[in-house]
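As a starting point, one isolated chain is supplied in structure tokens, in the form predicted on its own.
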């Protein structure tokens, strides 16, 4: 009897894996699967080169120590864990930090145009949460350059023929098949709870189609649109993660949402001003006089309050993002300072541009991001301080993933447990997972975690596929026909919402959700407000049942019907985020409740800043029709001793004096 083929079924069908998402996490997963000889179908909501990874600006971390500062992967590991307020499982974080130098050198060989020193070495800049120059960068468009490099590698695999187990080419079959403008509608899960594929929807014509897969990876990014306005692309609704959650996947640490300290204030969306600006010497300040409404360029040095530098003299403007966001919020909202009379602070590089050579150096390293400010704010940032305010930026939470620790404390190579979700056969990579950042992400660790996550996920999927007792391609059609019929019925149910009883505009409902989440579940959280939000989300879920399909056309290009699916997911994720925040009674990383801040309440024994009940535990959310059911699991803290998360804050900085109004 002939041995069973790992590549072909008896009917000659190629056995494939599936990756949903075309950003850095997805593309690297595809590359590693192809290197293992496994053909892949990749589905992407947008053209791969338009994935949200392209929006990353500042750089990618790796402790190469090119400047001789004494940096090391072990230090990077410690600062990652410390920056995440010790809530990250330590083996994945260690594996990422130790793999980082090799990843950056690999990207360099792929042709990423990293900035270089005059000697020809890779250049590195500082980012928040560290005193070392650790961040490799390609101007201020690093994410785009990395995405294009990996896309080029995947395109090469699109031209390579599939070979069977004997090395014979299979005519007409390529290692990678790419499906752009396809949305995830459902997972296909068998009676044993194993993921056997997905249902995708072609957004160009509305077709719903089955994709069988011997292993499936979601690499679909974060849920920024839950907050309405964020630095995320408008495609980042979290819909795929929400679908997996509704079908049984555990969602972890949803309450940890990173608010980036520096974004352009706006009414439509919030555009990022990268941490690289501060890494290259940009300074955050407000006028000392709270009533000063002059343009920043007209305010002399002596009338400026550099509050981050005064409060954190060691790290200055490069404290971690959660700390910088809270300090800006506190200074502007609570202490009443402003920029040109607006709810904003200034981020300033003009002092670096006093000479032609200085301006040229700034342009060389930061042109991409400064161009964004000039375009959307209408001011030249080389001559005018930029107005900024914190904005929702990243989710440390996401689909729960497993890992297997190796003897050296990193991840065991090629373990099928690595990056595996709670649904067997389903994996997660990139921002959609919760794995690497704990309660707060250090700047420039996101691109690293996406690529490292993909490097881990590909071999893990290969190991799962090899060890699986049955292939998705050995099933009859009944399982997939049933899943497809269910997906079609759900789509038709949304499309048929055209009667008078469907009186809720889904886009207006989303606006309400986003405004509420942005105002009450971001920088500061208060239990009374969180209770109010939870009640409102329950009410919104009832109103969603009356949300209309605004486009009554059937079939092709019916985007409002697709949006209903995404809005349903955003309501679920908002519920997870808010309930997790309500139940976590502590200050940790990006989750901040002032009532538990010992600095604000030094004489209150309850204001210890830590939740005794859930001390160093991950929040786990599982789906029920009534909302998320929460449980908690301990964090793996086996590799590092816990330390005080101290960034050298001056406990009682002097209050900023008012400038003498007569001096003007």
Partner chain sequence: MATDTVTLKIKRGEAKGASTWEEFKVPRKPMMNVISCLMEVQKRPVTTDNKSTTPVNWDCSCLEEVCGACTMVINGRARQACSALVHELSPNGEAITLEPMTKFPRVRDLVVDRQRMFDSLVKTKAWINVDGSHQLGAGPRVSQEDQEVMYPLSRCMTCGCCVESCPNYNERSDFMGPQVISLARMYNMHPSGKMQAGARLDAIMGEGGISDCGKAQNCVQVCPKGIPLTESISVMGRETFKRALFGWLLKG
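Owing to the predicted nature of the structure, the values given are computational and were not obtained by experimental measurement. Positions refer to the first chain, counted from 1.
There is also a form predicted in complex with the partner chain; it is not shown, and the following applies to it.
Taken together, the three residues 5, 10 and 403 all stay farther than 4.5 Å from the partner chain in the model of the complex, as judged by their closest heavy atom. Of the residues 185, 455, 352, 176, just one reaches the partner chain in the model of the complex with a heavy atom at 4.5 Å or closer; this is 455. The partner is absent here; in the model of the complex, the one residue of 86, 473, 315, 148 having a heavy atom within 4.5 Å of the partner chain is 148. Partner proximity in the model of the complex, defined as non-hydrogen atoms within 4.5 angstroms of the partner chain, places exactly one of 489-497, 578-586, 360-368, 284-292 at the interface: 360-368.
Not displayed here, the partner chain is kept clear of residue 193 by more than 4.5 Å at the level of heavy atoms in the model of the complex. Under a 4.5 angstroms non-hydrogen atom cutoff, the partner chain in the model of the complex lacks residue 297 among its neighbouring residues.
Contact annotation for residue 594: none of its heavy atoms lies within 4.5 Å of the partner chain in the model of the complex. Residue 49 belongs to the set of residues with a heavy atom inside 4.5 Å of the partner chain in the model of the complex. In the model of the complex, the residues of 124-158 lying within 4.5 Å of the partner chain by at least one heavy atom are, in order, 138, 139, 140, 141, 144, 145, 148, 152, 153, 155, 156.
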